[in-house]
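In structure tokens, the next block holds one chain alone, the form predicted alone.
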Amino acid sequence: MLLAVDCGNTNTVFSIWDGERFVGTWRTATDWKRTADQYFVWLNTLMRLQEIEAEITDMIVSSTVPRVVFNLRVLADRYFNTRPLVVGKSDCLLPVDVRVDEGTGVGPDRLVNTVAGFDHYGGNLIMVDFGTATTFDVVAEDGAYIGGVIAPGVNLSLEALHQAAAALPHVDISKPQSVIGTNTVACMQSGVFWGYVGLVREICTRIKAEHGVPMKIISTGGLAPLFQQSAQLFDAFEDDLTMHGLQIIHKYNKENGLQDEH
């Protein structure tokens, strides 16, 4: 049994892979102060509620928050008697190349999405992830990660508007009924929604022109369905892209003789 952990800036997702499918997935707020004991009690409680009996033997972690990794390592060692693979560390091999400027660090979430996207769709992809930041990752024909674009996230932009302008309220993102807003909330929603439609469309158009070959655009992240249904920006949407990538990376390392210490 594999425990896959995707730790983002806002939320952390735990999923259990039984060798054929994910049998359970749970989400909690990311907090670097949460201890290994707290993780275990939380996870064990949810597993019992769903009547999931799993003897976890392996663990893999992707984290954009470095301070969280220590307690996840303790969790793996103390409760599952295993040493976790951590994406981005030297002992975690990737089944794809990373071709960026020397010395450049690439977020582990972007690497995992690249692996999953290539496995699902082959090469020549633009992976658009709607997270705390909106990221565009470019996958070459051979599956290599060759760079991308980072833009502020949708909710981050809304929060910045609210905090920087005293008269503007906090609003949730949704597709407005019309482009021209007739009240403050509608004006803000229109600006953010259609602004991001334009941002995604223009960046993808320019990436395609620069790459010089036909490319598929794949979306993931919580807000991706909203934009997919409203503007038809993407060729496909993948809800569990990161978890799929994590289990592929774990399998690749197992097949290459790594992660044998328990």
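None of the values given here were measured: they were computed from a predicted structure. Note that residue numbering begins at 1 and tracks the sequence as displayed.
From this point on, the text means the form predicted together with a small molecule, which you will not see here.
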property	result
Residue 131, heavy atom within 4.5 angstroms of the small molecule in the predicted complex	yes
Distance check, residue 169 to the small molecule in the predicted complex, heavy atom within 4.5 Å	no
4.5 Å heavy atom contact, residue 25 to the small molecule in the predicted complex	no
In the predicted complex, residue 219 touching the small molecule (heavy atom, 4.5 Å)	no
185, 146, 106, 160 - the one with a heavy atom within 4.5 Å of the small molecule in the predicted complex	106
Contact assignment for the small molecule in the predicted complex, among 98, 93, 74, 150, heavy atom within 4.5 Å	150
In the predicted complex, segment of 81 to 89, 132 to 140, 119 to 127, 187 to 195 with a heavy atom within 4.5 Å of the small molecule	132 to 140
